[in-house]
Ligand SMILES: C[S@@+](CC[C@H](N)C(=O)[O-])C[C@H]1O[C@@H](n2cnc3c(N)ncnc32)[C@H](O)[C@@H]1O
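A single chain, nothing else alongside it, follows as structure tokens in the form predicted on its own.
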């Protein structure tokens, strides 16, 4: 059974590189990539793909005229009736999508809209009663009956388990509306990331926002109830409650927290490898339990750079790493991870010595430096302690070795 994937227009090559040649991926249409198989994780489950918005287990292709398309869809559902008998009753939902394209007047969009209208009108009469009764909404469906209009006259169809898709949203496009008081559009990236992950900085959490200015991510985290230390030499453009917000006006490469935090979030306009090395240091030194970071990728070799970023983060002690080019990302990828509980139990290491960006590594200095005066960086004095409010200390690993949401941890020893 072959697979197909929706991706951002002009990201087809990135997805093909991510899949790898062994799966024989190819661009089937603009915004649509097909492959003979799909990568799996070490535990045998299907891998989540960073550059794919949606996934489909392909049943075949069909003409886009509604009568013949309806016949193909009915056949796809009928082919799964034996599985239904073995597995028991399952539910399904219909999604008709036009892949991404560069043409603002892409004809596939009109075709998809017409197909969806026709199918909605005909489904009740064309499908068996047993099938009709099991149709539900996208979020609740066990399987998605998918129709992707790859070309104006050709559609890809499939019936994919809800656990195997990339998103429950049609086309994988989670569109959010920018609040009127939002200081920048970047806050939408964090909001979408939290929805994708299923958790994020929340009430009672202590969070560091690296490269925070002008304050889009800080604004979202504080709005969710977290206390945020915003780290950036530039001025912040948000006014937030002083009890839950402080500005550490210094470089993110110099800042050291006073104790282990619940979250480190990062949306820095900086080279991705250097940002990964900085965040690996946060993991190795047990400065935060959970991570959400946005990495700005180069115009070429995005998949290769992303693999390097993830290796650096894993070497830094971050586990459960997930990466996705979200709808509100541009030439970026958002990454989530949680700290290795083995590191958390050991507690934070002594503050690192800031030498220079060129000499920084994910592991920090090999040996303790000689005592000397604190150097001044471009963004201000490196004090060796955080300038923000004190919060929960680290040291307690999360249940089952996974990410932990909320709750007070014990002080790291």
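Residue numbers count along the first chain shown, from 1. Every value quoted in this text rests on a predicted model; they were computed, and no experiment measured them.
Omitted here: the form predicted in complex with the named molecule. The next part is about that form.
Only one segment in the set 136-144, 305-313, 224-232, 152-160 has any non-hydrogen atom within 4.5 angstroms of the named molecule in the predicted bound form, and it is 224-232. Although the partner is absent here, residue 78 lies well away from the named molecule in the predicted bound form, with no heavy atom inside 4.5 Å. Heavy atoms of residue 250 reach within 4.5 Å of the named molecule in the predicted bound form, making it an interface residue. Residue 269 belongs to the set of residues with a heavy atom inside 4.5 Å of the named molecule in the predicted bound form.
Taking the partner from the other structure, the named molecule in the predicted bound form has a heavy atom within 4.5 Å of a heavy atom of residue 217. Think of it this way: in the predicted bound form, the named molecule has a heavy atom of just one of 186, 164, 301, 174 within 4.5 Å, and the residue is 186. The contact residue chosen from 193, 98, 264, 212 relative to the named molecule in the predicted bound form is 212, the criterion being a non-hydrogen atom within 4.5 angstroms.
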